[in-house]
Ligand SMILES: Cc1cc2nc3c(=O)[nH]c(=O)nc-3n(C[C@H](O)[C@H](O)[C@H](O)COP(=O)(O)O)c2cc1C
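Just the one chain here, the form predicted alone, laid out as structure tokens.
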């Protein structure tokens, strides 16, 4: 009896997970607002983020959690840096200054590959998996999220401002918040164009 009940509930949970994965969508940053995840929820999201394939347990990634006043301070510093690198119109400068204020929480996933027999590309893919795990974990906690990169990607001066070393770069910024937006599904790939079946 207990075994059959356990199997029944396992099948329900399995179907819920499958449905969740089928319907997960990113929400555009412009549709996000307060509240964001609290510290306990962020700890849970980051714990899940670390449960990715990681050959030889190198942990070739780390996190910068940007929230509260740090969003404005860092956004202004990055905006100033960008104006030193290229000309910006006043409205572009303001947009850069406010870029990290668009969501309650921004998590920068820092790819930190190390010299090792594990290939560099494999370590970077692990960091990419971390980004998507954050997307999934945020959605499972009831929050909206979006993964972007932006101009600071592999910009050496921006990386120095963020405290990165010479071998690190930002794999992605994960913007997380609440949203009333219910994005419709977009066109997905036709599997017949993407899958080659090797059976013999």
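Numbering follows the first chain given and starts at 1. The model shown is predicted, which means the values in this text are computed figures rather than measured ones.
The discussion below concerns the form predicted in complex with this ligand, not included here.
Colleague: Sort through 146-154, 31-39, 64-72, 46-54 and report the only stretch with a non-hydrogen atom within 4.5 Å of this ligand in the predicted bound form.
Modeller: Every other range fails; the passing one is 146-154.
Colleague: How about residue 22 - does it come within 4.5 Å of this ligand in the predicted bound form, if we only consider non-hydrogen atoms?
Modeller: No - in the predicted bound form, heavy atoms of residue 22 and this ligand never come within 4.5 Å of each other.
Colleague: Quick one: which residues from 179-200 get a non-hydrogen atom within 4.5 Å of this ligand in the predicted bound form?
Modeller: In sequence order, 186, 188 come within 4.5 Å of the partner.
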